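Heads up, what comes next is one protein chain in two forms, each shown on its own as C-alpha coordinates, labelled structure 1 and structure 2.
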Structure 1
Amino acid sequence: MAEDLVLDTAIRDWVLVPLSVVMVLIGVLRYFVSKLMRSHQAPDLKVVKEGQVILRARNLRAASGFIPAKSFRSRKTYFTNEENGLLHVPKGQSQNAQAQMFSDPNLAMDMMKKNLSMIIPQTLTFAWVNFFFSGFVAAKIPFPLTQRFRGMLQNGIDLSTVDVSYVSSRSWYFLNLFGLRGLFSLILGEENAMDDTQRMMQMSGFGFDPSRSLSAEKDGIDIIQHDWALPKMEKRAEDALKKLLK
(Lines of atoms letter the chains of each structure in order from A and count residues from 1; the text may use other names and numbers.)
(Lines give C-alpha, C1' and ligand atoms only; values in the text may rest on other atoms or scores of the structure.)
Protein backbone atom coordinates (compact mmCIF):
# COMPACT_ATOMS: atom_id res chain seq x y z
CA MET A 1 0.00 0.00 0.00
CA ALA A 2 1.55 3.21 -1.10
CA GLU A 3 -0.05 5.79 1.07
CA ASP A 4 1.89 8.84 2.03
CA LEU A 5 2.51 9.35 5.67
CA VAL A 6 2.91 12.92 6.73
CA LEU A 7 5.84 13.20 9.07
CA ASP A 8 5.89 15.79 11.75
CA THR A 9 8.47 18.53 11.20
CA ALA A 10 9.32 18.19 14.84
CA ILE A 11 10.94 14.93 13.91
CA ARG A 12 13.30 16.78 11.67
CA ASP A 13 14.08 19.37 14.28
CA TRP A 14 14.55 17.07 17.20
CA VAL A 15 15.82 13.87 15.72
CA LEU A 16 17.64 14.23 12.45
CA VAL A 17 19.50 17.44 13.09
CA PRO A 18 20.62 16.69 16.66
CA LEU A 19 21.78 13.24 15.63
CA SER A 20 23.95 14.67 12.85
CA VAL A 21 25.31 17.38 15.09
CA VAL A 22 26.20 14.88 17.77
CA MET A 23 28.01 12.65 15.31
CA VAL A 24 30.02 15.53 13.92
CA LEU A 25 31.00 16.62 17.39
CA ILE A 26 32.01 13.11 18.33
CA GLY A 27 34.15 12.89 15.23
CA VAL A 28 35.92 16.13 16.04
CA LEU A 29 36.42 15.04 19.62
CA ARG A 30 37.87 11.77 18.46
CA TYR A 31 40.29 13.60 16.22
CA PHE A 32 41.64 15.70 19.03
CA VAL A 33 41.87 12.79 21.42
CA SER A 34 43.77 10.75 18.87
CA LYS A 35 46.18 13.63 18.40
CA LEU A 36 46.82 13.69 22.10
CA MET A 37 47.23 9.98 22.42
CA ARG A 38 49.36 9.42 19.39
CA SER A 39 52.68 8.01 20.43
CA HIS A 40 55.64 8.97 18.32
CA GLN A 41 56.85 5.83 16.67
CA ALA A 42 60.51 6.06 15.78
CA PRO A 43 60.89 4.90 12.19
CA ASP A 44 62.62 1.60 11.90
CA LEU A 45 65.64 1.43 9.67
CA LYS A 46 64.58 -1.81 8.06
CA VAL A 47 61.08 -0.56 7.34
CA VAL A 48 62.35 2.66 5.78
CA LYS A 49 64.84 0.80 3.65
CA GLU A 50 62.22 -1.64 2.45
CA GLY A 51 59.90 1.18 1.56
CA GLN A 52 62.60 2.82 -0.51
CA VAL A 53 63.53 -0.46 -2.19
CA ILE A 54 59.93 -0.88 -3.24
CA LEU A 55 59.82 2.63 -4.65
CA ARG A 56 62.98 2.04 -6.63
CA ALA A 57 61.75 -1.30 -7.92
CA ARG A 58 58.52 0.31 -8.98
CA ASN A 59 60.40 3.01 -10.87
CA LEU A 60 62.39 0.31 -12.61
CA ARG A 61 59.24 -1.43 -13.70
CA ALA A 62 57.57 1.74 -14.88
CA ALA A 63 60.40 3.23 -16.89
CA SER A 64 62.25 0.13 -17.98
CA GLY A 65 61.93 1.18 -21.58
CA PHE A 66 64.12 4.20 -21.11
CA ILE A 67 67.39 2.56 -20.21
CA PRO A 68 69.57 0.30 -22.34
CA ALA A 69 68.98 -3.42 -22.18
CA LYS A 70 72.28 -4.17 -20.50
CA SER A 71 71.59 -1.80 -17.62
CA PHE A 72 68.11 -3.16 -17.24
CA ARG A 73 69.39 -6.70 -17.02
CA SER A 74 72.01 -5.86 -14.45
CA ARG A 75 69.43 -4.06 -12.33
CA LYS A 76 67.04 -6.95 -12.70
CA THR A 77 69.58 -9.39 -11.34
CA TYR A 78 70.44 -6.95 -8.58
CA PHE A 79 66.85 -6.96 -7.43
CA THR A 80 65.74 -10.51 -8.01
CA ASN A 81 68.89 -12.46 -7.48
CA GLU A 82 68.25 -15.63 -5.55
CA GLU A 83 71.08 -15.24 -3.12
CA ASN A 84 71.28 -11.66 -2.12
CA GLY A 85 68.87 -9.80 -4.31
CA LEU A 86 67.17 -6.91 -2.62
CA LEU A 87 63.67 -8.16 -3.17
CA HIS A 88 64.27 -11.76 -2.38
CA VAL A 89 62.83 -12.81 0.95
CA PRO A 90 63.92 -16.20 2.26
CA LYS A 91 61.00 -18.45 3.05
CA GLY A 92 61.43 -18.53 6.78
CA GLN A 93 61.16 -14.81 7.27
CA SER A 94 57.94 -14.17 5.46
CA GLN A 95 55.70 -15.58 8.12
CA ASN A 96 57.25 -13.63 10.91
CA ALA A 97 55.71 -10.29 10.21
CA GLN A 98 52.34 -11.13 11.72
CA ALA A 99 53.82 -12.71 14.79
CA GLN A 100 56.07 -9.73 15.16
CA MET A 101 53.08 -7.44 15.08
CA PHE A 102 51.61 -9.06 18.13
CA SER A 103 54.75 -9.52 20.11
CA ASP A 104 56.01 -6.01 19.70
CA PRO A 105 54.36 -4.18 22.58
CA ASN A 106 54.38 -0.76 21.00
CA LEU A 107 52.53 -1.88 17.94
CA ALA A 108 50.00 -3.82 19.94
CA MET A 109 49.35 -0.83 22.16
CA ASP A 110 48.90 1.42 19.15
CA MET A 111 46.44 -0.93 17.57
CA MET A 112 44.49 -1.26 20.75
CA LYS A 113 44.29 2.47 21.16
CA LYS A 114 43.08 2.91 17.61
CA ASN A 115 40.48 0.20 18.02
CA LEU A 116 39.25 1.58 21.31
CA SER A 117 38.97 5.11 20.04
CA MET A 118 36.72 3.78 17.38
CA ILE A 119 34.65 1.18 19.15
CA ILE A 120 33.68 3.12 22.24
CA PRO A 121 32.10 6.18 20.60
CA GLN A 122 30.34 3.98 18.08
CA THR A 123 28.86 1.73 20.73
CA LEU A 124 27.80 4.60 22.91
CA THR A 125 26.19 6.52 20.09
CA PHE A 126 24.39 3.48 18.84
CA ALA A 127 23.03 2.68 22.27
CA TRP A 128 21.94 6.28 22.72
CA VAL A 129 20.13 6.25 19.39
CA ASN A 130 18.40 3.04 20.20
CA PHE A 131 17.33 4.21 23.58
CA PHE A 132 16.02 7.63 22.73
CA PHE A 133 15.11 7.49 19.10
CA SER A 134 13.43 4.19 18.50
CA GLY A 135 9.86 3.28 17.96
CA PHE A 136 8.85 5.86 15.40
CA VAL A 137 9.29 6.67 11.77
CA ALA A 138 12.06 9.17 11.31
CA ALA A 139 12.47 9.75 7.62
CA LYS A 140 11.43 8.65 4.18
CA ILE A 141 13.95 7.40 1.70
CA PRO A 142 13.29 8.95 -1.71
CA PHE A 143 13.61 5.73 -3.69
CA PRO A 144 11.64 2.53 -3.28
CA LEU A 145 13.21 -0.50 -1.68
CA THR A 146 12.43 -4.18 -1.52
CA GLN A 147 10.93 -5.90 1.45
CA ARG A 148 14.20 -7.43 2.50
CA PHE A 149 15.42 -4.14 3.86
CA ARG A 150 12.58 -3.99 6.30
CA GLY A 151 14.40 -5.75 9.06
CA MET A 152 17.41 -3.54 8.75
CA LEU A 153 15.88 -0.15 8.33
CA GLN A 154 12.67 -0.31 10.30
CA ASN A 155 13.92 -1.76 13.46
CA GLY A 156 11.78 -0.02 16.04
CA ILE A 157 8.66 0.08 13.95
CA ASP A 158 6.51 -2.95 14.54
CA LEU A 159 3.95 -2.40 11.81
CA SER A 160 4.51 -4.66 8.87
CA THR A 161 2.31 -2.71 6.53
CA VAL A 162 4.30 0.47 6.52
CA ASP A 163 6.17 1.05 3.25
CA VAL A 164 9.84 0.14 3.48
CA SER A 165 10.81 3.64 2.44
CA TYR A 166 9.85 4.90 5.86
CA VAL A 167 12.82 4.21 8.06
CA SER A 168 13.69 4.55 11.67
CA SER A 169 16.38 6.75 13.10
CA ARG A 170 18.82 3.88 13.25
CA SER A 171 19.23 4.07 9.51
CA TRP A 172 19.84 7.79 9.76
CA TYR A 173 22.59 6.96 12.20
CA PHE A 174 24.17 4.56 9.72
CA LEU A 175 23.84 7.08 6.94
CA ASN A 176 25.74 9.61 8.98
CA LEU A 177 28.30 7.04 9.97
CA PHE A 178 29.27 6.44 6.38
CA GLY A 179 28.70 9.82 4.96
CA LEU A 180 30.32 12.42 7.16
CA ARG A 181 33.69 12.17 5.51
CA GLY A 182 33.10 15.18 3.29
CA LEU A 183 32.16 17.30 6.24
CA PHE A 184 35.19 16.21 8.20
CA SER A 185 37.48 17.09 5.34
CA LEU A 186 36.11 20.60 5.39
CA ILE A 187 36.43 21.04 9.12
CA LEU A 188 39.59 19.20 9.93
CA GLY A 189 41.60 19.66 6.78
CA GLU A 190 42.08 17.29 3.91
CA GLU A 191 44.20 14.62 5.47
CA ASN A 192 42.12 14.05 8.55
CA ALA A 193 38.98 13.37 6.65
CA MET A 194 38.63 9.87 7.91
CA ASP A 195 35.27 8.72 8.78
CA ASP A 196 34.38 5.42 10.25
CA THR A 197 34.42 3.35 7.11
CA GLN A 198 38.03 4.10 6.52
CA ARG A 199 38.90 3.44 10.12
CA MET A 200 37.20 0.11 9.90
CA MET A 201 39.16 -0.72 6.82
CA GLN A 202 42.32 0.32 8.60
CA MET A 203 41.43 -1.89 11.50
CA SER A 204 40.95 -4.96 9.42
CA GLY A 205 43.98 -4.51 7.22
CA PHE A 206 46.53 -3.99 9.94
CA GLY A 207 49.11 -6.44 8.79
CA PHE A 208 51.51 -4.23 6.89
CA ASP A 209 53.42 -7.17 5.62
CA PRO A 210 56.51 -5.89 3.87
CA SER A 211 57.61 -9.28 2.70
CA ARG A 212 54.46 -9.72 0.70
CA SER A 213 54.91 -6.45 -1.14
CA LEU A 214 58.56 -7.26 -1.73
CA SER A 215 57.76 -10.57 -3.36
CA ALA A 216 54.99 -8.91 -5.34
CA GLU A 217 57.49 -6.41 -6.72
CA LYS A 218 59.93 -9.21 -7.41
CA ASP A 219 57.36 -11.07 -9.48
CA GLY A 220 56.55 -7.88 -11.29
CA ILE A 221 60.15 -7.32 -12.28
CA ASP A 222 60.63 -10.95 -13.26
CA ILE A 223 57.77 -10.73 -15.69
CA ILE A 224 58.83 -7.59 -17.46
CA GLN A 225 60.13 -7.73 -20.99
CA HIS A 226 62.54 -4.99 -21.80
CA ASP A 227 61.11 -2.90 -24.58
CA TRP A 228 63.62 -0.27 -25.47
CA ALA A 229 61.80 2.92 -26.31
CA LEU A 230 64.79 4.87 -27.54
CA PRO A 231 64.80 3.90 -31.24
CA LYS A 232 61.25 5.19 -31.45
CA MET A 233 62.49 8.40 -29.87
CA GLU A 234 64.85 8.91 -32.78
CA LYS A 235 61.93 8.82 -35.12
CA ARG A 236 60.04 11.23 -32.91
CA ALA A 237 63.02 13.55 -32.86
CA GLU A 238 63.07 13.60 -36.63
CA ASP A 239 59.40 14.44 -36.73
CA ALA A 240 59.81 17.15 -34.12
CA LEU A 241 62.63 18.73 -36.07
CA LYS A 242 60.70 18.52 -39.31
CA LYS A 243 57.82 20.30 -37.67
CA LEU A 244 60.13 22.92 -36.24
CA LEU A 245 61.73 23.60 -39.58
CA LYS A 246 58.55 23.91 -41.56
Structure 2
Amino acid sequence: MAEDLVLDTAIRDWVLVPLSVVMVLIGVLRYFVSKLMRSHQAPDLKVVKEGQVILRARNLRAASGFIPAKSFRSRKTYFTNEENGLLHVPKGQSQNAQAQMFSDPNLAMDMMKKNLSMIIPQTLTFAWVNFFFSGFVAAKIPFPLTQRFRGMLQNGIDLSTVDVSYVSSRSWYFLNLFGLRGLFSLILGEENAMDDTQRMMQMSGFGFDPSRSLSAEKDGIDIIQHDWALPKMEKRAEDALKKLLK
Protein backbone atom coordinates (compact mmCIF):
# COMPACT_ATOMS: atom_id res chain seq x y z
CA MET A 1 0.00 0.00 0.00
CA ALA A 2 1.28 3.48 -0.93
CA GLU A 3 2.36 5.70 1.91
CA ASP A 4 1.29 9.33 2.40
CA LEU A 5 4.17 11.72 3.03
CA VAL A 6 4.23 15.07 4.79
CA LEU A 7 6.46 17.38 2.78
CA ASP A 8 8.53 19.89 4.69
CA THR A 9 7.95 23.51 3.72
CA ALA A 10 11.73 23.94 3.50
CA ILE A 11 11.69 21.62 0.46
CA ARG A 12 9.28 24.01 -1.22
CA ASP A 13 11.42 27.03 -0.35
CA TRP A 14 14.87 25.55 -1.11
CA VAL A 15 14.17 22.95 -3.80
CA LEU A 16 10.88 23.41 -5.67
CA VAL A 17 10.81 27.20 -6.05
CA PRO A 18 14.55 27.69 -6.80
CA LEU A 19 14.51 24.88 -9.35
CA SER A 20 11.49 26.36 -11.16
CA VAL A 21 12.91 29.89 -11.13
CA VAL A 22 16.30 28.73 -12.41
CA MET A 23 14.69 26.77 -15.26
CA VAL A 24 12.71 29.82 -16.36
CA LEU A 25 15.74 32.12 -16.17
CA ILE A 26 17.90 29.65 -18.08
CA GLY A 27 15.25 29.38 -20.80
CA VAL A 28 15.05 33.17 -21.19
CA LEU A 29 18.84 33.54 -21.12
CA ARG A 30 19.27 30.77 -23.68
CA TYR A 31 16.82 32.53 -25.98
CA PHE A 32 18.76 35.80 -25.90
CA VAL A 33 22.13 34.05 -26.25
CA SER A 34 20.92 32.08 -29.27
CA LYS A 35 19.53 35.31 -30.71
CA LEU A 36 22.93 36.99 -30.36
CA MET A 37 24.70 33.99 -31.91
CA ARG A 38 22.30 33.82 -34.82
CA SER A 39 23.73 35.13 -38.06
CA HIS A 40 21.52 37.48 -40.07
CA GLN A 41 21.44 36.52 -43.72
CA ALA A 42 19.38 37.83 -46.59
CA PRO A 43 16.73 35.25 -47.59
CA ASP A 44 17.30 33.30 -50.75
CA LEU A 45 14.85 34.63 -53.33
CA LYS A 46 14.56 31.23 -54.99
CA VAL A 47 13.60 29.54 -51.71
CA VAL A 48 11.08 32.30 -50.90
CA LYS A 49 9.51 31.97 -54.33
CA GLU A 50 9.22 28.21 -54.03
CA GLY A 51 7.66 28.57 -50.58
CA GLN A 52 5.03 30.94 -51.96
CA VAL A 53 4.29 28.52 -54.80
CA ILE A 54 3.77 25.73 -52.27
CA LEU A 55 1.32 27.89 -50.29
CA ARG A 56 -0.63 28.74 -53.44
CA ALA A 57 -0.80 25.06 -54.40
CA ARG A 58 -2.10 24.15 -50.94
CA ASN A 59 -4.76 26.83 -51.19
CA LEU A 60 -5.80 25.43 -54.55
CA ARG A 61 -6.15 21.93 -53.11
CA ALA A 62 -8.12 23.20 -50.11
CA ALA A 63 -10.53 25.37 -52.15
CA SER A 64 -10.75 23.36 -55.36
CA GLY A 65 -14.46 22.76 -54.89
CA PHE A 66 -15.31 26.47 -54.89
CA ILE A 67 -14.18 27.20 -58.46
CA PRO A 68 -15.66 25.86 -61.71
CA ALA A 69 -14.15 22.79 -63.34
CA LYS A 70 -12.69 24.80 -66.25
CA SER A 71 -10.90 27.18 -63.85
CA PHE A 72 -9.60 24.28 -61.81
CA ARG A 73 -8.21 22.51 -64.89
CA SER A 74 -6.41 25.67 -66.05
CA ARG A 75 -4.86 26.17 -62.61
CA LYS A 76 -3.93 22.50 -62.41
CA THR A 77 -2.14 22.72 -65.76
CA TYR A 78 -0.41 25.94 -64.63
CA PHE A 79 1.00 24.18 -61.57
CA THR A 80 1.64 20.61 -62.77
CA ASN A 81 2.56 20.96 -66.44
CA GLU A 82 5.54 18.69 -67.17
CA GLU A 83 7.24 21.32 -69.33
CA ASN A 84 6.97 24.59 -67.43
CA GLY A 85 4.68 23.96 -64.47
CA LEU A 86 5.52 25.79 -61.26
CA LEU A 87 5.57 22.56 -59.26
CA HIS A 88 7.55 20.53 -61.77
CA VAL A 89 11.11 19.78 -60.64
CA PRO A 90 13.34 18.56 -63.50
CA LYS A 91 15.43 15.51 -62.80
CA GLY A 92 18.90 16.32 -61.54
CA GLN A 93 17.96 19.71 -60.09
CA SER A 94 16.73 18.45 -56.73
CA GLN A 95 19.29 18.85 -53.96
CA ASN A 96 19.48 16.81 -50.82
CA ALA A 97 18.90 18.92 -47.70
CA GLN A 98 21.89 17.40 -45.91
CA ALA A 99 24.16 18.05 -48.87
CA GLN A 100 22.81 21.61 -49.03
CA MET A 101 23.73 22.17 -45.38
CA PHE A 102 27.31 20.96 -45.84
CA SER A 103 27.71 22.99 -49.02
CA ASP A 104 26.75 26.16 -47.15
CA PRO A 105 29.18 26.79 -44.25
CA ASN A 106 26.94 29.47 -42.73
CA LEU A 107 24.03 27.04 -42.49
CA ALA A 108 26.24 24.41 -40.87
CA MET A 109 27.60 26.97 -38.41
CA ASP A 110 24.08 28.09 -37.46
CA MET A 111 23.11 24.48 -36.89
CA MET A 112 26.11 23.93 -34.62
CA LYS A 113 25.40 27.12 -32.64
CA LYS A 114 21.79 26.06 -32.15
CA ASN A 115 22.83 22.64 -30.90
CA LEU A 116 25.43 24.09 -28.52
CA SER A 117 22.96 26.64 -27.11
CA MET A 118 20.70 23.73 -26.23
CA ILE A 119 23.10 20.99 -25.12
CA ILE A 120 25.47 22.99 -22.90
CA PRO A 121 22.80 24.62 -20.65
CA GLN A 122 20.92 21.33 -20.35
CA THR A 123 24.05 19.43 -19.35
CA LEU A 124 25.11 21.99 -16.74
CA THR A 125 21.60 22.33 -15.32
CA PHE A 126 21.10 18.58 -15.03
CA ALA A 127 24.47 18.21 -13.29
CA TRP A 128 23.50 20.99 -10.86
CA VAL A 129 20.13 19.37 -10.12
CA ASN A 130 21.62 15.91 -9.76
CA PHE A 131 24.32 17.15 -7.36
CA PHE A 132 22.30 19.42 -5.07
CA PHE A 133 18.72 18.11 -5.24
CA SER A 134 19.04 14.37 -5.86
CA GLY A 135 16.67 12.23 -3.79
CA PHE A 136 14.20 14.95 -2.77
CA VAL A 137 10.43 14.47 -2.99
CA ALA A 138 9.61 17.96 -4.20
CA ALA A 139 5.86 18.06 -4.88
CA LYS A 140 2.64 16.11 -5.12
CA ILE A 141 0.19 15.94 -8.02
CA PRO A 142 -3.31 16.85 -6.73
CA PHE A 143 -5.03 13.89 -8.45
CA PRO A 144 -4.41 10.12 -8.46
CA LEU A 145 -2.28 8.49 -11.13
CA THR A 146 -1.64 4.92 -12.28
CA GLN A 147 1.59 3.00 -11.82
CA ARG A 148 2.67 3.77 -15.38
CA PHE A 149 3.58 7.30 -14.30
CA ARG A 150 5.98 6.16 -11.58
CA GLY A 151 9.04 6.09 -13.83
CA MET A 152 8.26 9.56 -15.17
CA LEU A 153 7.42 11.28 -11.87
CA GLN A 154 9.76 9.53 -9.44
CA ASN A 155 13.07 9.50 -11.27
CA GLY A 156 15.82 9.08 -8.68
CA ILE A 157 13.59 7.60 -5.94
CA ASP A 158 13.76 3.82 -5.59
CA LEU A 159 10.80 3.35 -3.24
CA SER A 160 7.84 1.40 -4.56
CA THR A 161 5.77 2.20 -1.45
CA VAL A 162 5.57 5.94 -2.21
CA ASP A 163 2.36 7.03 -3.90
CA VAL A 164 2.68 7.70 -7.63
CA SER A 165 1.37 11.26 -7.29
CA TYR A 166 4.58 12.39 -5.54
CA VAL A 167 7.17 14.04 -7.81
CA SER A 168 10.92 13.81 -7.27
CA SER A 169 13.21 16.78 -7.79
CA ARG A 170 14.83 15.21 -10.85
CA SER A 171 11.43 14.53 -12.43
CA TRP A 172 10.40 18.10 -11.64
CA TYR A 173 13.42 19.25 -13.62
CA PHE A 174 12.29 17.25 -16.67
CA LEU A 175 8.70 18.50 -16.33
CA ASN A 176 9.99 22.07 -16.38
CA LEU A 177 12.37 21.29 -19.23
CA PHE A 178 9.60 20.15 -21.58
CA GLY A 179 6.58 22.00 -20.21
CA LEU A 180 7.39 25.70 -20.03
CA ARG A 181 6.24 26.69 -23.52
CA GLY A 182 3.11 28.41 -22.20
CA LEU A 183 5.12 30.52 -19.77
CA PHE A 184 7.73 31.39 -22.38
CA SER A 185 4.96 32.47 -24.76
CA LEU A 186 3.85 35.00 -22.14
CA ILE A 187 7.39 36.23 -21.48
CA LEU A 188 8.92 36.16 -24.97
CA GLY A 189 5.86 36.21 -27.19
CA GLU A 190 4.12 33.38 -29.03
CA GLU A 191 6.41 33.54 -32.08
CA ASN A 192 9.55 33.30 -29.92
CA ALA A 193 8.41 30.60 -27.47
CA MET A 194 9.80 27.17 -28.18
CA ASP A 195 10.10 24.25 -25.79
CA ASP A 196 12.95 21.75 -25.83
CA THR A 197 10.84 19.14 -27.60
CA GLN A 198 10.71 21.34 -30.68
CA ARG A 199 14.42 22.13 -30.38
CA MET A 200 15.21 18.41 -30.37
CA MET A 201 13.09 17.96 -33.48
CA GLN A 202 15.02 20.75 -35.18
CA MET A 203 18.33 19.16 -34.20
CA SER A 204 17.41 16.03 -36.13
CA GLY A 205 16.70 18.01 -39.33
CA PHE A 206 19.12 19.38 -41.88
CA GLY A 207 17.09 22.23 -43.37
CA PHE A 208 14.24 22.76 -45.79
CA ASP A 209 14.11 20.71 -48.97
CA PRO A 210 11.90 22.68 -51.41
CA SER A 211 12.16 20.15 -54.25
CA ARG A 212 10.60 17.41 -52.12
CA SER A 213 7.78 19.72 -51.04
CA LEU A 214 7.16 20.80 -54.64
CA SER A 215 6.93 17.18 -55.78
CA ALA A 216 4.56 16.32 -52.93
CA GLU A 217 2.24 19.23 -53.77
CA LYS A 218 2.33 18.28 -57.45
CA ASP A 219 1.26 14.73 -56.62
CA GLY A 220 -1.47 16.07 -54.34
CA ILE A 221 -2.96 18.24 -57.08
CA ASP A 222 -2.68 15.45 -59.67
CA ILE A 223 -4.86 13.06 -57.66
CA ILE A 224 -7.61 15.60 -56.85
CA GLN A 225 -11.00 14.74 -58.36
CA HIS A 226 -12.75 18.05 -58.86
CA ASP A 227 -16.17 18.29 -57.27
CA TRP A 228 -17.73 21.71 -57.57
CA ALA A 229 -19.45 22.60 -54.32
CA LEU A 230 -21.59 25.42 -55.78
CA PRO A 231 -23.91 23.94 -58.41
CA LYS A 232 -27.46 25.36 -58.38
CA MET A 233 -26.47 27.77 -55.63
CA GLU A 234 -29.36 30.13 -56.38
CA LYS A 235 -31.82 27.26 -55.99
CA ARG A 236 -30.33 26.31 -52.63
CA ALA A 237 -30.42 29.92 -51.42
CA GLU A 238 -34.03 30.24 -52.53
CA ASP A 239 -35.02 27.07 -50.66
CA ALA A 240 -33.22 28.27 -47.54
CA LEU A 241 -35.02 31.65 -47.65
CA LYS A 242 -38.39 29.95 -48.11
CA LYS A 243 -37.75 27.83 -45.01
CA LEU A 244 -36.87 30.93 -43.00
CA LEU A 245 -39.98 32.80 -44.15
CA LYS A 246 -42.37 29.95 -43.26
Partner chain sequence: MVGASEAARMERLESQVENGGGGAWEYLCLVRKLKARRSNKVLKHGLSILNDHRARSKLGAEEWTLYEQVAFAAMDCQQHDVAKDCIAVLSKQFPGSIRIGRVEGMLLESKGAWAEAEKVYARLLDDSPLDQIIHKRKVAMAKAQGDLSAAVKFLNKYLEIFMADHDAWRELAEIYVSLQMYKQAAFCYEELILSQPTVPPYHLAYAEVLYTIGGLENLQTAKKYYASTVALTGGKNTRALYGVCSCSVAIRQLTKGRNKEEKEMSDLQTLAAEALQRDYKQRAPNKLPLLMSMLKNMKLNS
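Definition used throughout: the rigid core is the maximal C-alpha set that superposes within 1.5 Å between two forms. Please note that residue numbering is based on structure 1, beginning with 1 at the start of its sequence. Not measured: the values here are computed from a predicted model.
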Form predicted alone, given as structure number: 2
Following rigid core alignment, is the displacement of the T146 C-alpha between structures 1 and 2 equal to or greater than 2 angstroms? yes
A237: CA shift of at least 2 Å between structures 1 and 2 after core fit? yes
Core superposition between structures 1 and 2, C-alpha change of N176 at least 2 Å: no
How much does the C-alpha of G135 shift between structures 1 and 2, in angstrom, given a rigid core superposition? 2.5
Shift in angstrom of the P68 C-alpha between structures 1 and 2, rigid core held fixed, comes out at 4.2
